[in-house]
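Presented as structure tokens, the chain that follows is alone, the form predicted alone.
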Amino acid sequence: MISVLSSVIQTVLVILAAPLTVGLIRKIKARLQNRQGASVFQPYWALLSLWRKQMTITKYSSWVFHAVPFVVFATSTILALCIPALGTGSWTAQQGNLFLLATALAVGSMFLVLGGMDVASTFGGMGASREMTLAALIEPAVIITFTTLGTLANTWNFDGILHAASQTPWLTSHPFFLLTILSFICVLLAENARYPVDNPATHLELTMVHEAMILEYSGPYLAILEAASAIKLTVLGLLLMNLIFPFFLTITSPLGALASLAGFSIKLLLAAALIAGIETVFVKMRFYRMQEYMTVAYFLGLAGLILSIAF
């Protein structure tokens, strides 16, 4: 019962904190560029504003167009259920494994593509085509990176993985794990349509990928899609930070719960700072060079996997 309650609390916390992650990234990025930037709470007001607006839906859309926001949000929620955000021991983290996470990522991307193609708009089709190309390039890196995590922990569920990492931090006991971390960062940026793969703030049709697929959505549907995107970014960012800093993941007392909550906040800030720093230093790559980017990610992950098996 306690593990189930822990799952619910952690999932709700991730969902509520997801817009804050986006706000922190924008704020830190603005400060790094000598700009004031909007409030870190601006994404919350944007979601509320979208929720109150009326939707404009073309008469040529089918049931797929209406189902996409809910399916994408559901897959993002599954990601939040799989990852121990506050600490290990939750029931869903014990049941969820690497294969479930990879499947949820693939299903969410697939339905986004279907939503972009459903209304037969030029931009939607272009974004869907580019997204499928990126998905084909990124999946090998995703699989090889997750396989390394499972190999090191001798388990495929995230609760076991983070528990093993907390016992002996892999960056100190297995220095080659840094290669896997670098591959994971590349995967995180590609899965969340961030620099250098995509520009999340663009409205130029020649560079749009993710934004092109959701261009036809408005009002509550767009709010749901934006919230789902923020949740996915938060989940992968927290997973990355928990692998690098596998501390404060044991909740055995009220004091431990407070320490886990503080660790959650710090890791969320570190993840936002890392992404903001990358987006400040690197520019968006041309689309035809994406195979080079994902090839680097794949071979980094492959090197980490080979070394984990060898040593």
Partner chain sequence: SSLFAIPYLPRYASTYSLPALHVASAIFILAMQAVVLASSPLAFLIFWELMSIAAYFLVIADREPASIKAGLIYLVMAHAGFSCILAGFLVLAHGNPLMDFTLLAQSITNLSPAMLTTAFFLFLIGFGSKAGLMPLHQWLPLAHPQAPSNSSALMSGVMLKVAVYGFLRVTLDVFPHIDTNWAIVVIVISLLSAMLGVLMAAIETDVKRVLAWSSIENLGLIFFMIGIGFVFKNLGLPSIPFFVAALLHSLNHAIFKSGLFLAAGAIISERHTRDIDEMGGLANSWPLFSLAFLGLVFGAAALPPFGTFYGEWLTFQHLATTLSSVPLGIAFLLILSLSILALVSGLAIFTFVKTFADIFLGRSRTESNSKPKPLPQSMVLIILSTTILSLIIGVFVSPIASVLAHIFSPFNHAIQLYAPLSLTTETIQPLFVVSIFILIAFVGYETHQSLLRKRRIKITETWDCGQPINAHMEYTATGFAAPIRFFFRSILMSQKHMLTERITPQNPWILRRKLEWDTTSRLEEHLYTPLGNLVLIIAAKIKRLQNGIIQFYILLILITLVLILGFAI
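As the structure is a computational prediction, the values presented were derived from the model and not from experiment. Numbering follows the first chain given and starts at 1.
Beyond the structure shown, there is the form predicted in complex with the partner chain, which is absent from this document and is the topic of what follows.
For the candidate set Ala153, Leu171, Ile185, Val71, a heavy atom within 4.5 Å of the partner chain in the predicted complex is found for exactly one residue, namely Val71. Think of it this way: in the predicted complex, the partner chain has a heavy atom of just one of Val40, Leu243, Ile57, Leu274 within 4.5 Å, and the residue is Ile57. Although the partner is absent here, Gln167 sits far enough away that none of its heavy atoms falls within 4.5 Å of the partner chain in the predicted complex. At the 4.5 Å threshold, heavy atoms of Gln33 stay clear of the partner chain in the predicted complex, well away from it. Although the partner is absent here, Ile309 lies within 4.5 Å of the partner chain in the predicted complex, judged by heavy atoms. When contacts are judged by a 4.5 Å heavy atom cut-off, Leu114 counts as touching the partner chain in the predicted complex. Contact check for Leu258, Leu268 and Thr280: none of the three has a heavy atom within 4.5 Å of the partner chain in the predicted complex. Only one segment in the set 192 to 200, 227 to 235, 172 to 180, 213 to 221 has residues whose heavy atoms sit within 4.5 Å of the partner chain in the predicted complex; it is 213 to 221.
With contact defined as any non-hydrogen atom lying within 4.5 angstroms of the partner chain in the predicted complex, the contacting residues in 272 to 311 are Phe287, Tyr288, Met290, Gln291, Tyr298, Leu302, Leu305, Ile306, Ile309, Ala310, given in sequence order.
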